[in-house]
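Quick setup: one chain, the form predicted alone, written in structure tokens, and binding and motion questions come after.
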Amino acid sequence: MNIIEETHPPPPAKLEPDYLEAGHTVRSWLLTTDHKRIGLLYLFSIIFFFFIAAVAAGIMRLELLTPKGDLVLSETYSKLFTLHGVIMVWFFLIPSIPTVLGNFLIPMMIGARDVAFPKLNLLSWYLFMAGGMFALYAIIAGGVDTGWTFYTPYSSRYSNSHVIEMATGIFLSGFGSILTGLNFIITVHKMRAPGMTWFRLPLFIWSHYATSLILVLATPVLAITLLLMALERIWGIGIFDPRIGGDPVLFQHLFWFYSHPAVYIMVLPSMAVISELIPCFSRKQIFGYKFIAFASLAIAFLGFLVWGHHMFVAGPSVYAGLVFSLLSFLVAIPSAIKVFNWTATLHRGSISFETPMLYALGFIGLFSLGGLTGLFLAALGADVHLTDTYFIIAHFHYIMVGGTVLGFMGGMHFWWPKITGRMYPEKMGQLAALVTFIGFNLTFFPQFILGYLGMPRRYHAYAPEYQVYNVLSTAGASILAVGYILPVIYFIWSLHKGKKAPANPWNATGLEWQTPSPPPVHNFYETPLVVKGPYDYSPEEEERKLEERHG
């Protein structure tokens, strides 16, 4: 079923060029206010930063092939994992889906011509890039050795590395995130098409709305924390260093008050993608639409209450630990609701295993395992043993990479025909999805065992009995790299050789599929009128679509 009725049928020929044809000069792209082009600017940017972070990860995995630290010095290794963490978290994982797919799709999904503040949207990209340039300068000038968490007082007083430059980069990119979140919130509130009520919104919009709330409310806390760290580092003001009257645990409270909600900044948009893929490739109405929608808001709310579980070994009272432990178990409930509802949607569905669906199924498996292992870390006794071991690394990557990256890849494959007007080779896409899934599990599952056995993270040398698991991880990282490189190759190939995409190659519902591929500059020829919900894959509607498709 289409979720809209056009006020007038679309014209037989284009009345305006698509956004890719509207001007190809560098100046036209750098000064654009078209949300679709800005989404592509973000895409090129985050791929660049992802490559830098991935190279650092590859060097670390090569170092860990042998127990002795024989490839790089310990100081270099510290700079490598800091580089990997900072760039991957703040310059890829956090901005990936909201700034690329969110920018491209949110206006189209609600029937708008653009976001509420197009110039502010462009400014957010410039702030992101300015932050990235500061981060790159810090790397080129000698790197940072504090770890991506910047724990004080080492970062604020005693590290000799380029902490200020890197913190400035994160500070600037954070303001870009705030502007993006503010823009999305106002766009959803004020620019919905006629008839687009809150419960006719796609779940993609609900998740991004919740993500935007976190961006606006949590990111200023990170900015203040980094500013205080800089004040202590530059002028010696006693804020975090106990030698001059500060409290280092205060930094942890402030940092994790932002950074745990930041986990959901990364994961909620990925959940948004999965909520679009599952019903489309199951040909079924999404199960429990309102439960999934409100679960997004519940995750955003509860995410602000659980920062203390990162600090169980930092000396909180037993009572505070028990409260944070309980809240950490509670935050798993809305995530579980989503997983159960996706699974119920799959039940007795007419499932097809196109590339986006393979990524969606991989997401459900990896995110579920990451979530279940998170329960061990929410338990006080288990966390004391597992803190600062490779168990943390494995859990974090199952959530962030298994969740965010697979969601991003699934979304890119799903909407690639809409973005570019070209189809990619389906068999290659399926191969890439399978290689990524296998490589990821071979890379990170052995690290759960390493953590259980007690191998500490952030060391470039380790006891010989851990070597076999590290060899498995490094072999898996090589396979995973192939899974990441393949889509880059065939996406570029598809731009020149791919079949031209129809407006709706997946027979999906949603306003974005009612426009040509690629879309016109202003998205719609006529303002759409929304008359039905977003996921009606009823048998009657499917039969009608098949008749239309085959004439």
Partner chain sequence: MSAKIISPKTYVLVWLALMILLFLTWGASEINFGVFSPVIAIVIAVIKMLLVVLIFMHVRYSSRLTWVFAAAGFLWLMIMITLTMGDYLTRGTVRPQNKSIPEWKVDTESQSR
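Quantities reported herein were computed from a predicted structural model and do not represent experimental measurements. Numbering follows the first chain given and starts at 1.
Note that the form predicted together with the partner chain isn't included here; everything after this is about it.
Check for me: heavy atom within 4.5 Å of the partner chain in the model of the complex, for each of Glu165, Gly174 and Ala230, yes or no. No, none of the three is in contact.
Taking 4.5 Å between heavy atoms as the contact cutoff, choose which of Ser352, Asn160, Thr197, Ser317 touches the partner chain in the model of the complex. Partner contact (heavy atom, 4.5 Å) among the options: Ser317.
Just to confirm, with a 4.5 Å cut-off on non-hydrogen atoms, which of Ala378, Ile393, Val221, Ala138 contacts the partner chain in the model of the complex? The residue from Ala378, Ile393, Val221, Ala138 that makes the contact is Val221.
If you check in the model of the complex, is Asp247 within 4.5 Å of the partner chain, heavy atoms only? Asp247: contacts the partner chain in the model of the complex.
Quick one: does Val89 come within 4.5 Å of the partner chain in the model of the complex, counting heavy atoms only? No, Val89 sits far enough from the partner chain in the model of the complex that none of its heavy atoms falls within 4.5 Å.
My question is simply whether Tyr459 lines the interface with the partner chain in the model of the complex - judged by any non-hydrogen atom within 4.5 Å. So Tyr459 does not count as contacting the partner chain.
If we define contact as a non-hydrogen atom of the residue within 4.5 angstroms of the partner, is His253 a contact of the partner chain in the model of the complex? Contact with the partner chain, yes.
Could you tell me which of 419 to 427, 273 to 281, 301 to 309, 406 to 414 sits within 4.5 Å of the partner chain in the model of the complex, going by non-hydrogen atoms? Heavy atoms within 4.5 Å of the partner chain in the model of the complex occur in 301 to 309.
Using a 4.5 Å cut-off on heavy atoms, which residues of 488 to 515 contact the partner chain in the model of the complex? Not one residue comes within 4.5 Å of the partner.
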